Structures are given as C-alpha cells and as structure tokens.
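In the block that follows, a single chain appears as structure tokens, in the form predicted on its own.
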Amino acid sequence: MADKTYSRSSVIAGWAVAILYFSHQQLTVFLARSDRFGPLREEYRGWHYLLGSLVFATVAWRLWLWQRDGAVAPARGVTPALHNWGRWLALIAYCVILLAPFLGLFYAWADALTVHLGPFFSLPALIGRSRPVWMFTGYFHSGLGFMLMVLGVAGVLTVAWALLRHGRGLLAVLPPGFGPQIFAGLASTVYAFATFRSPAPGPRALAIFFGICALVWGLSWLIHHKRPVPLTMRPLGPVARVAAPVTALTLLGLGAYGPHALFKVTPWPMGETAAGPAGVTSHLVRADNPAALAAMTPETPFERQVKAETYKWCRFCHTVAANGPHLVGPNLHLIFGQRAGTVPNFTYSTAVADAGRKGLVWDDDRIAWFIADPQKHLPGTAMIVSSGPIPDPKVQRAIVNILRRETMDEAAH
C-alpha cells in the first residue's frame, strides 16, 4: 500500500465538489417543487444549469487530480479494505455526477426547453422536441440521482459501521470532501421526502436523522475513546479488491430501478398505444357527450388552495391544451366523457387499456375514484399521484372541478 496522502489540491477539489453539489441539490429541490408555469421556475432552471455546469467542471478537476495522485494510504486506524471501499464509492459517484449534465441537456432539448446558464447565455439546441428521447434521458437523468442517493446511503452506513467497529468516522474513512457531501446530501434527501406534501414534517424528520447519527457517534465514543488507534493493519486482499467495485456497481443497478419503483415511469413506452392520426395527441369535441357538457362551477377559495398545493403535481405529468404534448401521462384535453385508454397516440398500461375496453368512462365520479388511490383501484396502472393518494372526497371534488375548467372549455363553447 502506498504511503502518500491526498494532495492539497485534491483536498480543495473534494470540498469544492461537496459545496457545489449540495448547493445544486438544494436548488433542484426548489425547482422540482416550483409551479411548472410560475414566474420563478425559468429562473430556477437557469441557475440549475449553471450550478450543474460548475459541478461538472469541478468533478472533472477532481478526477484528474485523482488520477494524478494515484494510490494513497488509508488514514490512521482505517483498514485497507475499508479505505478501498470508500475510494470506490467516491470514484463511482464522481463518474455518475459527470454523466448527469449530458442527460440533462438532451432531456431539456427534447422537451423544447431553452438551456440558459443563469442570466448569462443560452446553449444552442442540438435536437428538437422528441418524446422518445425525452422519456429515455429523463428516466436515466432521474436514475442518476437515485444512484447517487443509494451510494450516499451506502457511504453513511459504512461510516456508521466504521465508527462502531474502529472508532473512525466521516473524514477518515472517505476521501476528502466526499463524506460531508454524502452526509449533507442524505440529510437533504430525508427532508425532501418528508416534506413532499407539506413542509410541516421536515424538522421532525431531520431531528430523527441527526438524533440517530448522534447516537451512533456517542456509542462510538463510549467504545473507543480509551482505546489506542491501531497502527498496523491487515493488507488488502484480492477478494476485497474485487468485491468493492463489483458491489458499488451493483448499487448503481439498484439506483437505476428507482424512478420506476417510486414513480412507475419507464425509459421507453410500454403497453398498448391508442390509435389516432399521426401528430394528434388529444380528444376531439363530442357535443353529444353529457359528461363533456356538464356545467362548470366558479372557482372557490378552497379550490384555489388545492390548485396551489395538490393539483399542481397533476400538471407535471399531464398537459391540458388541445394537442398538447404527452408527458409521463397523456394529454387530458376534453377527457371528461371519454373511455379510459383512448387519448390518441399515447401508450397506456394494459390495465388502463383493458378498463376502457370494459366500459370505464372518465366522468366526475370515476376521476375522483381513480385519484383516491390509482394503484389500488386499477392494479397494474402506471398512474400514481406524486404527492400520494387523495382519499379526502372534498379534495377529490376540488381537483375534478379544476380539471374540468382546464380541459373542457372548448366543449362548453
């Protein structure tokens, strides 16, 4: 094992990556939760691209320094096997981060979005709107985020084990900057998942997370504070040398499945495609359809609240204008009174297509029934409610009324 340590430049680069990556992660949370059509979203996107570019450049610098440094010795008291495992986690995480901007660029261009780096300048689009490219790059761009989350969880668990077993922690076990990067990233992820529907559970979730971390650190101190740090360690064996990269790469596969496991999305269309003329993505007006011609009611204050807190998530997966593009879900223009699984040129799950063939028609009651718990009421559907099932009849009715106003104006006239 080499006896040299990380260069000063590597230490600076590692911490720079950690700071920029965490900043980018926080901005991504704001971007994902901002109103899709609100005034701040475009500004958030610009800074998201700019910070992402800085992260990319800093990680490239870090990897160049990694290659220049070569093998480095473990920190005092860290076993070679643990050191090797921590290095592989960091190296693969850095490589994943390096891939993310390329997928992000094509994901944006395929959605006909302008890629602008903050307020400074825009990049020329290399491709036009393309739903297949959008689905593929969007899935794996999200998948890279899940991969980094899984690697981060593995790293934090590794540190917890190292603390209890050897009394060595975040800064000793993992390369410079990488430990704080994954620790802060995991704390941010805990907060993000806890506050997806409401900010209220966030402080409690963070308190539990930090409380567990403090408990592990406290136990480690009780176990090891009077023990000398060992100076001699067993050499790195061939099994540990091979097992570390293989295990880390296996974790990437687990992360790649994350978008489908959580959101039921796929990297390409799967199921049955509803027939329709080329280029048509929404239903036509049906004047003889009672469900389509039902009277619309004025918006209430409660509906405005639901629109801002819950319905906004519907618009992340569906467009509502005539012939608007299909997103993760189908265009919903003139959806009331239509058979399920029939929006032209959208690929449905077999469950939804079968339900339509058996007579399921989208009226007020059926839409409320569906959004109450799509996975329970129509097993096999790819539809989920991003913020979770909506069991409250009052909220269901508000969403139905909002959806009618946004999708059925043409039928009403």
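These figures come from a predicted structure and were not determined experimentally. We number the residues from 1 along the sequence you see.
The same protein also exists as the form predicted together with a small molecule; that form is not shown, yet it is the one meant from here on.
Using a 4.5 angstroms limit between non-hydrogen atoms, residue 59 is distant from the small molecule in the predicted complex.
In the predicted complex, residue 86 stays away from the small molecule, with no heavy atom inside 4.5 Å. The small molecule in the predicted complex comes within 4.5 Å of a heavy atom belonging to residue 318. Heavy atoms of residue 313 reach within 4.5 Å of the small molecule in the predicted complex, making it an interface residue. Here is the short version: of 343, 159, 97, 90, the single residue with a heavy atom within 4.5 Å of the small molecule in the predicted complex is 343.
Checked against the small molecule in the predicted complex, the candidates 337, 101, 185, 329 yield a single residue with a heavy atom inside 4.5 Å, and that residue is 329.
Stretch-level contact check against the small molecule in the predicted complex with heavy atoms at 4.5 Å: of 343-351, 42-50, 63-71, 24-32, the positive one is 343-351.
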